[in-house]
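In the form predicted alone, a lone chain appears below as structure tokens.
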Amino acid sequence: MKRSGLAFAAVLLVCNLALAQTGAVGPVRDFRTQSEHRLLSDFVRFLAMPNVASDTVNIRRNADHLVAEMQKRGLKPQLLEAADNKVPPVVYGEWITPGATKTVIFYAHYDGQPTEAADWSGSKPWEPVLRTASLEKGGKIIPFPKAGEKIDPEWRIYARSASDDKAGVFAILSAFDALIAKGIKPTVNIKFFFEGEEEAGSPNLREILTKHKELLKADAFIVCDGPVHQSGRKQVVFGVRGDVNVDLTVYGAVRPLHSGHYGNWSPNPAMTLARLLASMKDADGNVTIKGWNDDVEPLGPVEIAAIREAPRYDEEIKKQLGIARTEGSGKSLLDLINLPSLNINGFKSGDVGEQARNVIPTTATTVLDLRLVKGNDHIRQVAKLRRHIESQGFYVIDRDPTPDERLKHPLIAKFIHIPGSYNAQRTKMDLPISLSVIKAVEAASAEPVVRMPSLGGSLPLSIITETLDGVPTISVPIANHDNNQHAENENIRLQNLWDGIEIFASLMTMK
């Protein structure tokens, strides 16, 4: 009886999910299947534009491209500019629905991470290629299909920003296209908000939001960025971590020294920095900096229940990543992304490989990535890190040391708090708008939706909420979890892109 009861419950769940997939999803899927070749071509053209925020010429090309695309759709586009005209603008548009009781801003960003073309395997960052599968599974480059040729949803496009976050921009606009093409009226007033410097830390976002506060009044920001759950199930995420970066340099002699003549006598800055970094974490990867977790705002019962209900996927991820152990003293990945973290983004001192020489280098440098959770303040967290470095005996300054300082202080660290920091943000999971978003995503999913209190990555959602008088922010990611976000060989699985169009069409017609 127990087994048959469980079987009946499973059938009932499948039936309920099937019934949920009504409304916009069917017609939108028809639109997509009829338009796949054009959609693919348009997306590839978008990906071919270099889009690093500091590349002012090309980032403006991206913004102009979006303005043109939105003009074609009748979305009344405009550029929301900062006072500095070199800052990438927000591309804004809107579609007002008579009788709508909600206004929703759909957010994505069109800039991407800097990258080194030489690190990519068989392709270049802004020359999109199509592969039959992921590189890890032996995917081969194939020509983009011609009209009439079949498109396999398991194929992947490899290009910078294919997943993060031009896929989000493209899915939002294509979802709107599908509704209009099928004569389906959105149920909400839609505002489009495409940022151009998210990957640079959104340093000018607060200024732009403040300047256009009246224009940006809304019931919610719905954000398309980040990956679906590692199991492949769609997810709705109610928070993100904050982000802080610190550039840290320690010093040796004023000139490189021959390691035979001076080794074991002149301090090696690489070893000095390695010891300092090792003092920040224990053998299990737990951060040992005093007070690191003290101001964390605990999760509530709804959030804790959501984590417990999410798929347990750690062992599968370990197999996929080829790692035999994890950090965090046995805690799961989902538990750990709700704690503040400390990561070494990179470490440089001297040379390796064919360029290696028998020298003691003059400096060693690292960039530290601090991820924050609700309750942390980015200024306080940086201060905790600085105090820890001082506790290890370092003279901490924000510039290169003078000759006198070098002779006076045996340990010196240049500590630079990189601009672009912001705090974590978390929206309550049981708000009416939260429940509406969950229901809309469920309507576009064949499986139960994973609900997460927070994403492991960071977005400037605290800036949005603080500036716009507490507007809720909710993330609905669409990218495949193995998309190599921020790294070389970034990619998007086509089915994830197709699913994204259906999801955002459902959100535009939510009750």
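All residue numbers are counted from 1 along the displayed sequence. Nothing here was measured: the structure is a model prediction, and the numbers come from that model. Think of the rigid core as the biggest set of C-alphas that the two forms share within 1.5 Å after superposition.
What comes next is about the form predicted in complex with another copy of the chain, which is not displayed.
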Inset, instruction - Establish, in the model of the complex, whether L39, V104 and P128 all lie within 4.5 Å of another copy of the chain, using non-hydrogen atoms for the distance. - result: no
Inset, instruction - Spot the stretch among 206-214, 130-138, 348-356, 82-90 with residues whose non-hydrogen atoms come within 4.5 Å of another copy of the chain in the model of the complex. - result: 348-356
Legend entry - Contact test in the model of the complex: P27 vs another copy of the chain, heavy atoms, 4.5 Å: no
Inset, instruction - Look up in the model of the complex whether N189 has a non-hydrogen atom within 4.5 angstroms of another copy of the chain, and give yes or no. - result: no
Inset, instruction - Report whether the minimum heavy atom distance between P419 and another copy of the chain in the model of the complex is within 4.5 Å. - result: no
Legend entry - Close approach of R399 to another copy of the chain in the model of the complex, 4.5 Å, heavy atom: no
Legend entry - The single option of A118, A283, L435, A147 touching another copy of the chain in the model of the complex, heavy atom within 4.5 Å: A283
Legend entry - Heavy atom within 4.5 Å of another copy of the chain in the model of the complex - the one residue of D377, E297, D369, D219 that qualifies: D369
Legend entry - Sequence-ordered residues of 308-338 touching another copy of the chain in the model of the complex, heavy atom within 4.5 Å: D314, I317, K318, K319, Q320, L321, G322, I323, A324, R325, T326, E327, G328, K331, S332, L333, L336, I337
Legend entry - Is_shifted Y422 between this form and the one not shown (CA, 2 Å cut-off, rigid core): yes
Legend entry - Residue shift check between this form and the one not shown, rigid core fit, E199 Cα at least 2 Å: no
Legend entry - Core superposition between this form and the one not shown, C-alpha change of K150 at least 2 Å: no
